[in-house]
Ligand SMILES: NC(=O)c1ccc[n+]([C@@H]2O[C@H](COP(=O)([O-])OP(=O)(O)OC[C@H]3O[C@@H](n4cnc5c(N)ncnc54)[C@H](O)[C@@H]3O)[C@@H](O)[C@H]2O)c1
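Quick heads-up: it's one chain on its own, the form predicted alone, in structure tokens.
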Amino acid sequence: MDLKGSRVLVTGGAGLVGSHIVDRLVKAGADVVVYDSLIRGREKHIERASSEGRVEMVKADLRDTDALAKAVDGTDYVFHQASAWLRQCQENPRLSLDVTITGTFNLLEACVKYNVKKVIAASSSSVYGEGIYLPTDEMHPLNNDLFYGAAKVANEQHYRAFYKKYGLDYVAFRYLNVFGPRQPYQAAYMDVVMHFLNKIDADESPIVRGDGNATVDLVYVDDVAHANLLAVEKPVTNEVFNICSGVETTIKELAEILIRLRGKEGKLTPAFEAMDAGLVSRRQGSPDKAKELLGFEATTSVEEGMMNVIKWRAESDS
């Protein structure tokens, strides 16, 4: 599908995944509206895209129905990435209702009103909770017990309901552990990368919570952005997909990778402390459905992606 000249709205477009979607949309020739409260997103994340294409910034919240309606009016496609984040929802559960659930409902109402062709939405592997089996596929029970995951489950059900009642096409992505340049330091799982690097660069042992055997399924952010555009291009609707690498990486292995990439192998080793309560102990998604129906495969290795994070971090601090 040719996106050139299309008007596309990206909620949370100044954040990690959203800003990389914006980059790809600009390269495809789309006119992009970035809708972001800038609580976690940063305008600097879309500076390059703004210099290379047509990008409009709207600083507003999903709860602002007037601003949202104006942003959606005339839009062809919506990439919905905005959400209160996991730890924020645990600390202030009302936000998971007001921002993530009601805010998404506000967006979907506007999409129906203004005849948006398709919504590509960010869900989360948090809907699965602790995996009953691995790799976790899309048929896995929704075993979540966190406010953030509960909001994502509610949103998925609303996508289905809007599709059935109004014919609003959508695809929802259950992201696994997304990482890459521009990642927020507050993310429940991925702030560990920055903590590790801070310690390593100070010639201190990175601190691993627990025994280091907890796992993540790391998927690089530009691969995730690619999946989002595939969901527009492919004639797929009313579906949810894991977006993942399908590979487990232990937290201990992640620390050792970062030590090696910073050239301090043999000098530093991970240190271990008690694990944070409430986090999933193992995460591995099945990528099969996304490969079959979207033609998506994650192609960036953990080491290549982490090198890009290290480079971005150095440039951001300079």
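All residue numbers are counted from 1 along the displayed sequence. These numbers come from a predicted model, not from an experiment.
Keep in mind that the form predicted in complex with the ligand is not shown, yet the notes after this line are about it.
Next on the checklist: For the ligand, considered in the model of the complex: do all three of Ala14, Tyr148 and Leu176 come within 4.5 Å of it, counting heavy atoms only?
Outcome noted: Answer is yes for this spot.
Checklist entry - Considering the ligand in the model of the complex, which of Ala82, Ala231, Cys244, Val78 comes within 4.5 Å of it through any heavy atom? => result Of Ala82, Ala231, Cys244, Val78, the residue with a heavy atom within 4.5 Å of the ligand in the model of the complex is Ala82.
Checklist entry - Just one of Leu261, Met275, Leu293, Ile39 has a heavy atom within 4.5 Å of the ligand in the model of the complex. Which one? => result Contact check passes for Ile39.
Next on the checklist: Heavy atoms within 4.5 Å of the ligand in the model of the complex: which stretch in 133-141, 115-123, 160-168, 203-211 meets that?
Outcome noted: That would be 115-123.
Next on the checklist: If we define contact as a non-hydrogen atom of the residue within 4.5 angstroms of the partner, is Ala60 a contact of the ligand in the model of the complex?
Outcome noted: Ala60: contacts the ligand in the model of the complex.
Next on the checklist: Please determine whether Pro184 contacts the ligand in the model of the complex, using a 4.5 Å cut-off between heavy atoms.
Outcome noted: It does: once the ligand is placed as it appears in the model of the complex, Pro184 has a heavy atom within 4.5 Å of it.
Checklist entry - Is Val99 close to the ligand in the model of the complex, meaning a heavy atom pair under 4.5 Å apart or at it? => result Yes.
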